[in-house]
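As structure tokens, one chain now follows by itself in the form predicted alone.
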């Protein structure tokens, strides 16, 4: 037997705990260092534009004009479209699997849906180019759109990509509802459907919202698939946020801008480079806020079901 196996149980536990703390600290230092680097490198654009970097409507780097609002709008619209499509399907699948299927069938359903998460994002992007883009163009032809590269196309594609995330987290939230509550409801005469709606959904509601928020953070951070189908047209900020027309036009997101050729063009020019890294900071803030909100709701749901 190896030396590790001969160590006392207490010593092995301490070694595992020390290794866990070390790697957690290493990850924290790496993230903090990356954030500091982004902040330092983006100082020129904050000095040049101030808050207009966030609220500005125009992005013309040759004119040294940097406004990120159209890209923030594009990112949020794509993520919202994805959530509106994926959330009902994923939560419905989680409810069906948890409340109405036996153990093996539920696990089989979960595995099939989670297989979608294993497909590389570039494959999704290529499928979007081959299939989804043409379908969107043919379906919206009456609106006189120029191509199928639109915010709507990117949103539909992202909906497929985040489906496993929502379904898995929603399933975990529903599983955390104590079985005794379901049994008590059934003993009082409630049907399986009434129990699912009145007991399981109510008990898991914070966890379900957490699943949606975490999936939205995932959608905001997706780059390659969105880059291939969104059209990458700058300065596409509509006059009305409630208009449908901008959704069937080419747009730009924070990730598609950062993933494009302009990042290479900007390198070496302090102001332009600072603007690109400023976009990275905005994206990081948005994703971090959604992630912490989702994790907070998950913890709230866990404590609620434990009491």
Partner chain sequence: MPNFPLSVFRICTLTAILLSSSCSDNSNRRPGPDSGLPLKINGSTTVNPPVAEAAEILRSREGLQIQVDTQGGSSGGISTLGEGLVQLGMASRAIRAEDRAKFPDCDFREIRIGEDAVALIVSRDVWESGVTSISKSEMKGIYEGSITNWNQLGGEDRKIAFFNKEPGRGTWEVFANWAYGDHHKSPQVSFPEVGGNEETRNKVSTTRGAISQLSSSWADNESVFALGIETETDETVFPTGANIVSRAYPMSRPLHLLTNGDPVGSAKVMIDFILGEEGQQLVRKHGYLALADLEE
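Positions refer to the first chain, counted from 1. Quick caveat: nothing in here was measured; it's all calculated off a predicted structure.
Absent from the display: the form predicted in complex with the partner chain. The rest refers to it.
Chemist: Indicate whether the partner chain has at least one heavy atom within 4.5 Å of a heavy atom of residue 62 in the predicted bound form.
Modeler: Contact check for residue 62: yes, within 4.5 Å of the partner chain in the predicted bound form.
Chemist: Taking heavy atoms and a 4.5 Å cut-off, does residue 233 contact the partner chain in the predicted bound form?
Modeler: Yes, residue 233 is a contact residue.
Chemist: Would residue 73 count as a contact of the partner chain in the predicted bound form, using a 4.5 angstroms cut-off between non-hydrogen atoms?
Modeler: No, residue 73 sits far enough from the partner chain in the predicted bound form that none of its heavy atoms falls within 4.5 Å.
Chemist: Is there a heavy atom of residue 129 no more than 4.5 Å from a heavy atom of the partner chain in the predicted bound form?
Modeler: Contact check for residue 129: yes, within 4.5 Å of the partner chain in the predicted bound form.
Chemist: Could you list the residues in 231-269 that come within 4.5 Å of the partner chain in the predicted bound form, counting only heavy atoms and keeping sequence order?
Modeler: Read in sequence order, the residues that approach the partner chain (within 4.5 Å, in the predicted bound form) are 231, 232, 233, 234, 235, 250, 261, 262, 264, 265, 267, 269.
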